[in-house]
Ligand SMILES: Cc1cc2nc3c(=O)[nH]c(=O)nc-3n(C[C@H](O)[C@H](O)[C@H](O)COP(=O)(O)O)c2cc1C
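In the block that follows, a single chain appears as structure tokens, in the form predicted alone.
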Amino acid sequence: MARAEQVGAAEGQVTYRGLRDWIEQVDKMGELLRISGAHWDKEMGAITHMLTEKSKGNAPAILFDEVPGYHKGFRTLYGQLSSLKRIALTLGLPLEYERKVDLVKSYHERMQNMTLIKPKFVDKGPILDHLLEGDEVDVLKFPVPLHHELDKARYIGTADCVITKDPDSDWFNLGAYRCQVYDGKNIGCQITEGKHGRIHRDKYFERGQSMRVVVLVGQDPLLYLLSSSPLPEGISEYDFAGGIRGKPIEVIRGPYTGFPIPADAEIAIEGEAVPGQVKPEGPFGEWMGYYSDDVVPRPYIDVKTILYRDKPILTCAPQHKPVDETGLLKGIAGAAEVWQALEACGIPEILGVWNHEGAPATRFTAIQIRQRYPGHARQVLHVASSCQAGAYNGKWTVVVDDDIDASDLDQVLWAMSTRFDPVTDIDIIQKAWSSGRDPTVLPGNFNNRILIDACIPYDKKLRGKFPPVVDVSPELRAKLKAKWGKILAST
């Protein structure tokens, strides 16, 4: 992958400009639902949950307006990326695919052919419409939701981008970390060990230094998607977004932090975290579908300034039991990075990678390959489960043959049921990277995971000794589709 210093002009295919233009395009696609009058206290989160849980990747984005107790025009947006089409729109990719895994393939191919582009500083932008400082600072000026019935606090940061800077370089990282509201001037920031923002914070705190931070809670969905992606160390999500767009992200300098803040962002919160200053954080209904994280003292952010544009939109991702937005967007972004890691290790014939939505995210990863040598399948399993994109909170990693669609769970289960032996085709990894989000987490934030070789045994495949599959040949399929196109259009 190109480094950010190698800036070049790549042709961008992203067709929208900023969150508001994205919303307009989603509305034209018929995937936006507008709701007026829903309360911030549990109603918005529960409505989103109920509309998403059985949607199978087709839930609408939901724009809530006229929130009781708040000015009209102070809105919240839920479920931005809970459909495959909206993820494709956000990445500037084609909207229709024959197989879900083809979306990951298109994203992976885009990553191979793009050049990272650094952000461009500008003097103006709608994020500068309003600036709150000193006694005016109040994050509850916005309709911050109580997302779930058992949450004990309102969370302003869910579909957010927390911007931190490495103290030893010019690297700015954007991560999606949850932010609890304590009061108008103090918000939490929960960051799991090993995440880039946590590494930055640990470095500052080890030196006895405070860490400045910006929390975006209304931004281009592309930045949010990338903030949830396992990008390599030292690669800024700003540079990656610029590469996808084919031009730099325009940013202003934060008045308190000096950090780059998107000029078209909706809401930006600047502050600092101070070593030794902690508050009890949690509980929160998390992306695995449980209130599984203990309430523990965690560093919080002392808010210094708030910037926001006229009629701001607060972006939210309530997170709940699958299927939900977070699992889908993390799954697609993570699958593309797993694919990248497999090819970077020189492993040939990777045909598809998919993180199944019900798992969610990287809890059930299926990789489709064309076997070329003994041990090929096992090599894929171990790299996919141990690379950066697959290491965090994984559980099941499955490899299947080229005739199995990795994104079709029925086909994957068929392979696991007919090409898999529980004695010889399982490997176990112990003490892997986990977190408190996992309800079965082991002491020390470890978990164990299972690797499933659901490929036809290579020696039998090579000698043609495995029973043939009952199927319709590609040639007959093409002939019948040509003759019976209308009837077979969906096959």
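Since the model is a prediction, treat every value here as computed from it, not as a measurement. Numbers for residues come from their place in the sequence shown, where the first is 1.
Quick note: we don't show the form predicted together with this ligand, though the next part is all about it.
Participant: Which of S385, T315, S228, S407 has a heavy atom within 4.5 Å of this ligand in the predicted complex?
Facilitator: Going through each option in turn, the one that passes is S228.
Participant: Please pick, from D264, E237, E270, E357, the one residue with any non-hydrogen atom lying within 4.5 angstroms of this ligand in the predicted complex.
Facilitator: The residue in contact is E237.
Participant: Hey, in the predicted complex, does Y224 get a heavy atom within 4.5 angstroms of this ligand?
Facilitator: Yes, Y224 is a contact residue.
Participant: Answer for G352 alone: is it within 4.5 Å of this ligand in the predicted complex, judged on heavy atom distances?
Facilitator: No, G352 is distant from the partner.
Participant: Please check if K195 has a heavy atom lying within 4.5 Å of any heavy atom of this ligand in the predicted complex.
Facilitator: Yes, K195 lies within 4.5 Å of this ligand in the predicted complex.
Participant: Test of understanding: in the predicted complex, would T257 fall inside 4.5 Å of this ligand by heavy atoms?
Facilitator: Outside the cut-off, so no.
Participant: Would you mind picking out the stretch of 373-381, 168-176, 119-127, 303-311 that comes within 4.5 angstroms of this ligand in the predicted complex, counting non-hydrogen atoms?
Facilitator: Every other range fails; the passing one is 168-176.
Participant: Relative to this ligand in the predicted complex, which residues of 319-335 have a heavy atom no more than 4.5 Å away?
Facilitator: Heavy-atom contacts to this ligand in the predicted complex: Q319, T326, L329, K330.
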